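Okay, so here's just one chain, in C-alpha coordinates, the form predicted alone.
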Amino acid sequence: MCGIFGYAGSRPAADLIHTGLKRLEYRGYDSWGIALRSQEDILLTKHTGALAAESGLEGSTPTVGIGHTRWATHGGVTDVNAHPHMATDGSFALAQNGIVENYQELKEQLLAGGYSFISETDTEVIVRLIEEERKHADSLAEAVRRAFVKLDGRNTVIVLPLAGDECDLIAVRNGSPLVAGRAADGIFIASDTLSFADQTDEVLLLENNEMIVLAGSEIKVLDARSGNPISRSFETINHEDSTIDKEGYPHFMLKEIHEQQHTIREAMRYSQHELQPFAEACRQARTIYTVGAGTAGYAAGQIAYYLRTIAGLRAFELKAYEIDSFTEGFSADDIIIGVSQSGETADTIEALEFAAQAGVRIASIVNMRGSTIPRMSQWSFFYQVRS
(Lines give C-alpha, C1' and ligand atoms only; values in the text may rest on other atoms or scores of the structure.)
Protein backbone atom coordinates (compact mmCIF):
# COMPACT_ATOMS: atom_id res chain seq x y z
CA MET A 1 0.00 0.00 0.00
CA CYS A 2 1.23 3.47 -0.84
CA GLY A 3 0.88 6.28 1.67
CA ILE A 4 -0.33 9.88 1.32
CA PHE A 5 0.28 12.62 3.87
CA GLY A 6 -0.48 16.34 3.53
CA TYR A 7 -0.56 19.35 5.84
CA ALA A 8 -1.84 22.91 5.54
CA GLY A 9 -1.63 25.20 8.55
CA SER A 10 0.59 27.55 10.49
CA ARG A 11 3.51 25.27 11.40
CA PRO A 12 6.53 24.43 9.21
CA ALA A 13 5.33 21.50 7.12
CA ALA A 14 8.58 19.64 6.35
CA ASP A 15 9.07 17.89 9.68
CA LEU A 16 5.34 17.20 10.13
CA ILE A 17 5.13 15.51 6.73
CA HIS A 18 8.36 13.56 7.25
CA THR A 19 7.06 12.30 10.60
CA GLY A 20 3.72 11.44 9.02
CA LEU A 21 5.46 9.38 6.34
CA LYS A 22 7.45 7.58 9.04
CA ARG A 23 4.14 6.66 10.68
CA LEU A 24 3.01 5.22 7.32
CA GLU A 25 6.11 3.02 6.94
CA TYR A 26 4.26 -0.05 8.18
CA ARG A 27 2.35 -0.04 4.87
CA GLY A 28 5.59 -0.76 2.99
CA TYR A 29 7.20 1.27 0.19
CA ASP A 30 10.23 1.42 -2.11
CA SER A 31 10.55 5.19 -2.62
CA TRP A 32 9.33 8.41 -1.06
CA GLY A 33 9.03 12.12 -1.69
CA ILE A 34 7.94 15.47 -0.24
CA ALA A 35 6.75 18.67 -1.94
CA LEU A 36 6.47 22.00 -0.11
CA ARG A 37 4.85 25.20 -1.34
CA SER A 38 7.07 28.28 -1.04
CA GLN A 39 6.13 31.81 -2.07
CA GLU A 40 7.72 31.44 -5.52
CA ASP A 41 7.63 27.76 -6.42
CA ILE A 42 7.25 24.20 -5.15
CA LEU A 43 10.24 22.62 -3.40
CA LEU A 44 10.55 18.95 -4.26
CA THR A 45 12.67 16.08 -2.94
CA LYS A 46 12.17 12.40 -3.75
CA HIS A 47 14.32 9.31 -3.37
CA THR A 48 14.35 5.53 -3.68
CA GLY A 49 14.86 3.34 -0.64
CA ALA A 50 14.03 3.94 3.00
CA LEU A 51 13.05 7.29 4.41
CA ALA A 52 16.10 9.28 5.42
CA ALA A 53 16.59 10.29 9.03
CA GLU A 54 15.62 13.81 7.97
CA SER A 55 13.51 15.15 5.13
CA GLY A 56 16.28 17.11 3.45
CA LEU A 57 13.97 20.12 3.65
CA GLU A 58 14.30 20.71 7.39
CA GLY A 59 14.63 24.37 8.24
CA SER A 60 12.27 25.28 5.39
CA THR A 61 9.52 27.69 6.37
CA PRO A 62 6.63 26.62 4.08
CA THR A 63 3.52 25.65 6.00
CA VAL A 64 1.76 23.70 3.24
CA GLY A 65 2.97 20.49 1.60
CA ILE A 66 2.40 16.86 0.68
CA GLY A 67 4.36 13.62 1.00
CA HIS A 68 4.15 10.10 -0.38
CA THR A 69 5.51 6.60 0.10
CA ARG A 70 5.35 4.46 -3.06
CA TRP A 71 5.19 0.79 -3.97
CA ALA A 72 6.19 0.63 -7.64
CA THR A 73 3.47 -0.57 -10.02
CA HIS A 74 3.74 1.19 -13.38
CA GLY A 75 7.42 2.05 -13.79
CA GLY A 76 10.46 0.84 -11.88
CA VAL A 77 11.91 1.99 -8.59
CA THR A 78 13.64 5.24 -9.59
CA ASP A 79 13.85 8.79 -8.30
CA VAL A 80 12.02 10.00 -11.42
CA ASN A 81 9.12 7.59 -10.88
CA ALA A 82 8.81 8.47 -7.19
CA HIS A 83 5.99 10.81 -6.15
CA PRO A 84 5.06 13.65 -6.03
CA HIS A 85 4.97 14.49 -9.74
CA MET A 86 5.05 18.06 -11.02
CA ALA A 87 2.93 19.92 -13.57
CA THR A 88 4.85 20.96 -16.68
CA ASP A 89 4.69 24.64 -15.65
CA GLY A 90 5.33 23.91 -11.97
CA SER A 91 1.86 25.10 -10.97
CA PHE A 92 1.04 22.05 -8.85
CA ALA A 93 2.42 18.76 -7.52
CA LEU A 94 0.45 15.52 -7.23
CA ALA A 95 0.74 12.17 -5.45
CA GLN A 96 -1.47 9.13 -6.05
CA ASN A 97 -2.44 5.85 -4.45
CA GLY A 98 -3.94 3.22 -6.70
CA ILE A 99 -3.75 2.15 -10.33
CA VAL A 100 -5.20 3.98 -13.33
CA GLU A 101 -6.51 1.06 -15.33
CA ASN A 102 -7.09 3.12 -18.49
CA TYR A 103 -3.82 5.06 -18.30
CA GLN A 104 -2.52 3.78 -21.64
CA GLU A 105 -5.58 5.02 -23.48
CA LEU A 106 -5.40 8.39 -21.71
CA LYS A 107 -1.66 8.66 -22.33
CA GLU A 108 -2.09 8.07 -26.06
CA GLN A 109 -4.68 10.85 -26.21
CA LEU A 110 -2.40 13.23 -24.30
CA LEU A 111 0.63 12.38 -26.46
CA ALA A 112 -1.47 13.11 -29.53
CA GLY A 113 -2.34 16.44 -27.94
CA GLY A 114 1.32 17.39 -27.63
CA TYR A 115 2.03 16.47 -24.02
CA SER A 116 5.30 14.81 -23.06
CA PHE A 117 6.19 12.52 -20.16
CA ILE A 118 9.37 12.11 -18.14
CA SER A 119 8.37 9.12 -15.98
CA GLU A 120 7.01 5.64 -16.62
CA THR A 121 4.12 6.05 -14.19
CA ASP A 122 0.37 6.13 -14.61
CA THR A 123 0.44 8.95 -12.04
CA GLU A 124 2.01 11.38 -14.49
CA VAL A 125 -0.92 10.72 -16.81
CA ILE A 126 -3.21 12.17 -14.11
CA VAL A 127 -0.98 15.25 -13.89
CA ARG A 128 -1.08 15.88 -17.65
CA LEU A 129 -4.83 15.19 -17.76
CA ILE A 130 -5.38 17.85 -15.10
CA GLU A 131 -3.27 20.27 -17.18
CA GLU A 132 -5.53 19.59 -20.16
CA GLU A 133 -8.72 20.00 -18.11
CA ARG A 134 -7.33 23.23 -16.64
CA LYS A 135 -7.77 24.81 -20.08
CA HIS A 136 -11.54 24.40 -19.76
CA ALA A 137 -12.12 24.74 -16.00
CA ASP A 138 -12.49 27.92 -13.96
CA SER A 139 -10.27 26.60 -11.12
CA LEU A 140 -7.61 24.01 -10.44
CA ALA A 141 -9.97 22.19 -8.09
CA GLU A 142 -12.54 21.86 -10.88
CA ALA A 143 -9.83 20.63 -13.27
CA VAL A 144 -8.81 17.99 -10.73
CA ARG A 145 -12.43 16.87 -10.39
CA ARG A 146 -12.96 16.66 -14.16
CA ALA A 147 -9.76 14.68 -14.64
CA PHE A 148 -10.48 12.34 -11.74
CA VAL A 149 -13.85 11.16 -13.07
CA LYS A 150 -12.10 10.03 -16.26
CA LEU A 151 -9.91 7.57 -14.37
CA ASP A 152 -10.81 3.88 -14.27
CA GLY A 153 -9.78 1.80 -11.26
CA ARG A 154 -9.32 2.53 -7.58
CA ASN A 155 -7.44 5.79 -7.18
CA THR A 156 -6.88 8.51 -4.62
CA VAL A 157 -4.93 11.70 -5.33
CA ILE A 158 -3.68 14.70 -3.39
CA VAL A 159 -2.73 17.94 -5.12
CA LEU A 160 -0.54 20.80 -3.87
CA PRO A 161 -1.17 24.05 -5.81
CA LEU A 162 1.40 26.80 -6.22
CA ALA A 163 1.06 29.79 -3.90
CA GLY A 164 -1.52 32.22 -5.19
CA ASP A 165 -4.05 29.55 -6.10
CA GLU A 166 -7.49 29.82 -4.52
CA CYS A 167 -6.89 26.73 -2.36
CA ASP A 168 -4.12 25.09 -0.34
CA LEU A 169 -4.73 21.36 -0.86
CA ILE A 170 -7.08 19.28 -3.01
CA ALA A 171 -7.70 15.56 -2.55
CA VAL A 172 -10.12 13.04 -4.07
CA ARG A 173 -10.87 9.46 -3.07
CA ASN A 174 -12.13 6.42 -4.95
CA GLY A 175 -11.10 3.07 -3.51
CA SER A 176 -7.79 3.89 -1.86
CA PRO A 177 -8.29 5.38 1.62
CA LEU A 178 -8.33 9.08 2.47
CA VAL A 179 -9.00 10.82 5.79
CA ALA A 180 -8.62 14.34 7.15
CA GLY A 181 -7.59 15.43 10.63
CA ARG A 182 -8.26 18.81 12.25
CA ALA A 183 -5.90 20.34 14.82
CA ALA A 184 -5.78 23.84 16.29
CA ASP A 185 -2.89 24.79 14.00
CA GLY A 186 -3.81 23.07 10.74
CA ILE A 187 -5.47 20.34 8.70
CA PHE A 188 -3.96 16.96 7.83
CA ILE A 189 -4.93 14.77 4.88
CA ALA A 190 -3.61 11.22 4.88
CA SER A 191 -4.12 7.57 4.05
CA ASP A 192 -5.02 6.61 7.61
CA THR A 193 -5.84 8.25 10.93
CA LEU A 194 -2.86 6.77 12.79
CA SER A 195 -0.46 8.79 10.64
CA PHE A 196 -1.58 11.98 12.42
CA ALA A 197 -2.87 10.43 15.68
CA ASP A 198 -0.04 12.16 17.56
CA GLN A 199 -1.44 15.52 16.40
CA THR A 200 -5.24 15.23 16.64
CA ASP A 201 -8.11 12.82 17.23
CA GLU A 202 -10.64 14.90 15.25
CA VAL A 203 -11.12 13.16 11.92
CA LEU A 204 -13.23 13.32 8.80
CA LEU A 205 -13.57 9.98 7.01
CA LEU A 206 -14.03 10.48 3.28
CA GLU A 207 -16.11 8.03 1.27
CA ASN A 208 -15.57 6.92 -2.32
CA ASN A 209 -16.04 9.67 -4.91
CA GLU A 210 -15.72 12.42 -2.33
CA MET A 211 -13.39 15.38 -2.72
CA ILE A 212 -11.96 17.75 -0.12
CA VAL A 213 -10.72 21.27 -0.86
CA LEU A 214 -8.80 23.26 1.78
CA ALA A 215 -8.52 27.04 1.56
CA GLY A 216 -7.17 28.61 4.74
CA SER A 217 -9.57 27.64 7.53
CA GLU A 218 -12.33 26.74 5.06
CA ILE A 219 -12.93 23.04 4.37
CA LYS A 220 -15.20 21.99 1.53
CA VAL A 221 -16.34 18.45 0.81
CA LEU A 222 -17.76 17.83 -2.65
CA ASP A 223 -19.26 14.99 -4.65
CA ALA A 224 -16.47 14.30 -7.15
CA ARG A 225 -18.94 13.14 -9.80
CA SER A 226 -21.20 16.20 -9.74
CA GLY A 227 -19.15 18.86 -7.98
CA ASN A 228 -22.03 19.49 -5.58
CA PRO A 229 -21.21 20.23 -1.93
CA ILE A 230 -21.70 17.52 0.70
CA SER A 231 -22.46 18.20 4.35
CA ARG A 232 -19.91 16.31 6.43
CA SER A 233 -18.61 16.72 9.97
CA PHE A 234 -15.53 15.73 11.94
CA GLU A 235 -15.76 13.04 14.60
CA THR A 236 -13.51 11.94 17.44
CA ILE A 237 -11.59 8.67 17.19
CA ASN A 238 -10.02 7.31 20.36
CA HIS A 239 -6.68 5.81 19.40
CA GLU A 240 -5.93 3.44 22.24
CA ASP A 241 -2.42 2.89 20.91
CA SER A 242 -1.04 5.51 18.51
CA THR A 243 2.58 4.34 18.66
CA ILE A 244 3.83 3.20 15.25
CA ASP A 245 7.44 2.11 15.23
CA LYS A 246 9.60 -1.00 14.96
CA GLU A 247 10.32 -1.03 18.72
CA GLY A 248 13.93 -2.03 18.13
CA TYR A 249 13.22 -4.71 15.51
CA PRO A 250 14.98 -4.33 12.13
CA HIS A 251 11.67 -4.36 10.25
CA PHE A 252 7.91 -4.49 10.86
CA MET A 253 7.49 -8.10 9.76
CA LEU A 254 9.82 -9.40 12.48
CA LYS A 255 8.11 -7.17 15.03
CA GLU A 256 4.71 -8.57 14.07
CA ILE A 257 5.99 -12.16 14.25
CA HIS A 258 7.11 -11.56 17.83
CA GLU A 259 3.77 -9.92 18.66
CA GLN A 260 1.94 -13.18 17.94
CA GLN A 261 2.62 -14.32 21.52
CA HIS A 262 0.01 -11.77 22.60
CA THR A 263 -2.70 -12.93 20.18
CA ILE A 264 -4.79 -15.03 22.58
CA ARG A 265 -4.54 -12.42 25.33
CA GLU A 266 -5.75 -9.69 22.98
CA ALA A 267 -8.61 -11.79 21.63
CA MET A 268 -9.80 -12.38 25.19
CA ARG A 269 -10.17 -8.65 25.83
CA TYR A 270 -13.66 -8.77 24.32
CA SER A 271 -16.29 -9.74 26.88
CA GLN A 272 -19.06 -12.28 26.33
CA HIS A 273 -21.55 -9.40 26.43
CA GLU A 274 -19.70 -7.64 23.56
CA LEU A 275 -19.47 -10.80 21.46
CA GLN A 276 -22.97 -12.18 22.12
CA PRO A 277 -24.89 -10.28 19.38
CA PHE A 278 -22.46 -11.42 16.68
CA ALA A 279 -22.33 -14.97 18.02
CA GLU A 280 -26.12 -15.16 17.88
CA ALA A 281 -26.13 -13.80 14.32
CA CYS A 282 -23.61 -16.48 13.31
CA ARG A 283 -25.78 -19.22 14.81
CA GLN A 284 -28.76 -18.02 12.81
CA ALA A 285 -26.87 -17.48 9.53
CA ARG A 286 -27.38 -19.86 6.63
CA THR A 287 -23.69 -19.74 5.66
CA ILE A 288 -20.67 -17.88 7.06
CA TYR A 289 -17.94 -16.92 4.61
CA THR A 290 -14.49 -15.61 5.50
CA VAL A 291 -12.18 -13.62 3.22
CA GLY A 292 -8.77 -11.97 3.39
CA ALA A 293 -5.65 -11.41 1.30
CA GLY A 294 -2.08 -12.52 1.94
CA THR A 295 -1.44 -13.66 5.51
CA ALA A 296 -4.87 -12.27 6.47
CA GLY A 297 -6.25 -14.82 4.01
CA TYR A 298 -4.61 -17.63 6.00
CA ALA A 299 -6.17 -16.20 9.17
CA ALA A 300 -9.56 -16.12 7.43
CA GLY A 301 -9.11 -19.79 6.56
CA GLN A 302 -8.41 -20.64 10.19
CA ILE A 303 -11.51 -18.76 11.31
CA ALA A 304 -13.67 -20.79 8.92
CA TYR A 305 -12.03 -24.00 10.14
CA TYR A 306 -12.73 -23.23 13.80
CA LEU A 307 -16.32 -22.20 13.06
CA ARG A 308 -16.86 -25.59 11.38
CA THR A 309 -14.98 -27.84 13.80
CA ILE A 310 -15.65 -26.15 17.13
CA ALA A 311 -18.88 -24.19 16.67
CA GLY A 312 -20.42 -26.69 14.25
CA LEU A 313 -21.44 -23.94 11.82
CA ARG A 314 -21.55 -23.96 8.03
CA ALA A 315 -18.46 -21.85 7.22
CA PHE A 316 -16.22 -21.57 4.16
CA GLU A 317 -13.15 -19.55 3.22
CA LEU A 318 -13.33 -17.58 -0.05
CA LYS A 319 -10.50 -16.17 -2.15
CA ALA A 320 -11.01 -12.45 -2.68
CA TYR A 321 -10.15 -12.69 -6.37
CA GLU A 322 -12.75 -15.45 -6.93
CA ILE A 323 -15.67 -13.94 -5.08
CA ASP A 324 -17.55 -12.71 -8.15
CA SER A 325 -18.13 -16.38 -9.05
CA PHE A 326 -20.03 -16.91 -5.77
CA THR A 327 -22.44 -13.97 -6.00
CA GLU A 328 -25.29 -16.03 -7.46
CA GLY A 329 -25.23 -18.22 -4.35
CA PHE A 330 -25.18 -15.39 -1.79
CA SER A 331 -28.26 -14.42 0.22
CA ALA A 332 -29.30 -11.98 2.91
CA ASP A 333 -29.18 -14.89 5.38
CA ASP A 334 -25.38 -15.13 4.97
CA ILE A 335 -22.55 -13.41 6.84
CA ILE A 336 -19.08 -12.68 5.49
CA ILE A 337 -16.13 -11.97 7.79
CA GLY A 338 -13.37 -9.80 6.32
CA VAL A 339 -9.89 -9.99 7.86
CA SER A 340 -7.39 -7.20 7.19
CA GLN A 341 -4.46 -5.71 9.05
CA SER A 342 -4.96 -2.20 7.69
CA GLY A 343 -8.69 -2.28 7.08
CA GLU A 344 -7.88 -0.94 3.61
CA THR A 345 -6.86 -4.05 1.66
CA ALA A 346 -8.16 -3.37 -1.86
CA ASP A 347 -8.87 -7.00 -2.82
CA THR A 348 -10.76 -7.61 0.42
CA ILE A 349 -12.76 -4.38 0.10
CA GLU A 350 -13.79 -5.33 -3.43
CA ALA A 351 -14.83 -8.80 -2.25
CA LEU A 352 -16.92 -7.35 0.57
CA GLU A 353 -18.55 -4.93 -1.87
CA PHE A 354 -19.57 -7.85 -4.11
CA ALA A 355 -21.05 -9.65 -1.12
CA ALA A 356 -22.86 -6.55 0.15
CA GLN A 357 -24.50 -6.03 -3.23
CA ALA A 358 -26.05 -9.47 -2.78
CA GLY A 359 -27.34 -8.52 0.67
CA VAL A 360 -24.73 -10.42 2.69
CA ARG A 361 -24.07 -8.92 6.13
CA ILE A 362 -20.47 -7.97 6.88
CA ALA A 363 -18.29 -8.50 9.95
CA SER A 364 -14.61 -7.55 10.17
CA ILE A 365 -11.44 -8.07 12.16
CA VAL A 366 -8.88 -5.31 11.57
CA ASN A 367 -6.10 -3.37 13.30
CA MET A 368 -7.08 0.12 12.15
CA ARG A 369 -9.95 2.08 13.67
CA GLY A 370 -11.64 4.44 11.23
CA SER A 371 -10.52 2.46 8.17
CA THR A 372 -12.78 1.45 5.29
CA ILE A 373 -13.59 -2.18 6.11
CA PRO A 374 -15.01 -1.61 9.63
CA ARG A 375 -17.06 1.26 8.24
CA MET A 376 -18.62 -1.22 5.78
CA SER A 377 -19.39 -3.68 8.57
CA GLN A 378 -22.37 -4.40 10.79
CA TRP A 379 -19.96 -5.91 13.33
CA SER A 380 -16.36 -4.73 13.80
CA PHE A 381 -13.61 -6.15 16.00
CA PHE A 382 -10.19 -4.59 16.51
CA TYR A 383 -6.87 -6.12 17.40
CA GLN A 384 -3.96 -4.04 18.67
CA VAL A 385 -1.03 -5.30 20.71
CA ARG A 386 -0.68 -3.50 24.01
CA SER A 387 2.68 -4.51 25.44
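Sequential numbering from 1, following the sequence displayed. Values in this document were obtained by computation on a predicted structure and should not be read as measured data.
What comes next is about the form predicted together with a small molecule, which is not displayed.
Item to complete: Sort through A293, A315, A72, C282 and report the residue having a heavy atom within 4.5 Å of the small molecule in the predicted complex.
Response: Only one listed residue qualifies here, and that residue is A72.
Worksheet entry | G98, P161, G186, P177 - the one with a heavy atom within 4.5 Å of the small molecule in the predicted complex | Answer to the contact question: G98.
Worksheet item: Counting only heavy atoms and a 4.5 Å cutoff, which of 73-81, 211-219, 274-282, 298-306 contacts the small molecule in the predicted complex?
Response: Contact-bearing stretch, as computed: 73-81.
Worksheet item: Is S195 one of the residues lying within 4.5 Å of the small molecule in the predicted complex, judged by heavy atom distances?
Response: Taking the distances in the predicted complex, the answer for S195 is no, it never comes within 4.5 Å of the small molecule.
Discussion item. At 4.5 Å between heavy atoms, is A8 in contact with the small molecule in the predicted complex?
Written reply: No, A8 stays farther than 4.5 Å from the small molecule in the predicted complex.
Worksheet item: Is there a non-hydrogen atom of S191 within 4.5 angstroms of a non-hydrogen atom of the small molecule in the predicted complex?
Response: Output for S191 is no: heavy atoms all beyond 4.5 Å of the small molecule.
Worksheet item: Can any non-hydrogen atom of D168 be found within 4.5 angstroms of the small molecule in the predicted complex?
Response: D168 lies outside the contact set for the small molecule.
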